[in-house]
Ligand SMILES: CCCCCCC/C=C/C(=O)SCCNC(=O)CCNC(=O)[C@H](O)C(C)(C)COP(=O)(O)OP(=O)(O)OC[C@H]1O[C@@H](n2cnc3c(N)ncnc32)[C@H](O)[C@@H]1OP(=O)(O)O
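Next up: just one chain, as structure tokens, the form predicted alone.
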């Protein structure tokens, strides 16, 4: 059960302002991230992926994968503090990630992140916490993207001081919902093997949770060995959609929604199946070796090639 220094007061919680955070990155960070989600991992001169790690054909800047935007939330999620509501970060499970891209991300930028509470639900033995992060470019003040991060907090429920469990949401209920996977054959399928060192490479982008690198820590958490970051798996899936549906154009991605269903171990093979419904790609990602669905969601795209 959640512990609190003061009695839980919904009015104080909803009035609480979370601090702004800053995030600065350059082309080196962009390239390391792309490598961390498998870019050029099977073919070092992949014609669709080289542009994410190298100035191919004299291009002026490295192109940025849209899931790079998920990194902007890292500072926000480590500084969460709400009046009357406490939780143990080590018991946090990532449930869903929603990303809205307002314009293609620049290859380097300094950002101001405005963070707010998007939702909180008391589930008794656990709580569901949703945080919205809006990222603005310093100088121009232009909104680049919005993240909505949903986490499941084990042991943090039971904080409501009434018979009615506390539940709050401040954004449309149709965003981030689980999608229904079509029963027909997928439009296309992408298979990609992660490397045994994938989590060690991905962590260089800023998520240093020892669950993904320390075997003893992983065992204490109930896993036989370190697991892959959920956002790394999401990056693999969206990269597959960009290659197979968007003809390699990351700017085609408008919104991303991903629901994390179970864990992936570094070295396993990811199979991403894709279905097209108007301008929405519905997808699910499975681990080939265990025949387990680990991720599902959708991607809204800005347009389609006439060849599809």
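Positions refer to the first chain, counted from 1. Since this is a predicted model, take the numbers as computed values, not measurements. Between two forms, the rigid core is defined as the largest C-alpha subset superposing within 1.5 Å.
Omitted here: the form predicted in complex with the ligand. The next part is about that form.
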Problem set entry | in the model of the complex, segment of 162 to 170, 224 to 232, 185 to 193, 109 to 117 with a heavy atom within 4.5 Å of the ligand | 224 to 232
Seminar exercise, completed: Checked 143, 181, 200, 211 for heavy atoms within 4.5 Å of the ligand in the model of the complex; positive is 211
For this session: Counting non-hydrogen atoms within 4.5 angstroms of the ligand in the model of the complex, say which of 82, 217, 152, 136 makes the cut.
Result: 152
Exercise. In the model of the complex, does each residue in the set 25, 101 and 132 place a non-hydrogen atom within 4.5 angstroms of the ligand?
Worked result: no
Exercise. Is residue 259 close enough to touch the ligand in the model of the complex, meaning at least one heavy atom pair within 4.5 Å?
Worked result: yes
Exercise. Using heavy atoms and a 4.5 Å limit, would one call residue 70 a contact residue for the ligand in the model of the complex?
Worked result: yes
Problem set entry | Exercise: residue 40 in contact with the ligand in the model of the complex, heavy atom 4.5 Å | no
Exercise. Would residue 86 show up as a contact with the ligand in the model of the complex if we use heavy atoms at 4.5 Å?
Worked result: no
Problem set entry | the ligand in the model of the complex - contacting residues of 102 to 126, heavy atom within 4.5 Å | 123, 125
Exercise. For residue 124, is the CA shift between this form and the one not shown at least 2 Å following rigid-core superposition?
Worked result: yes
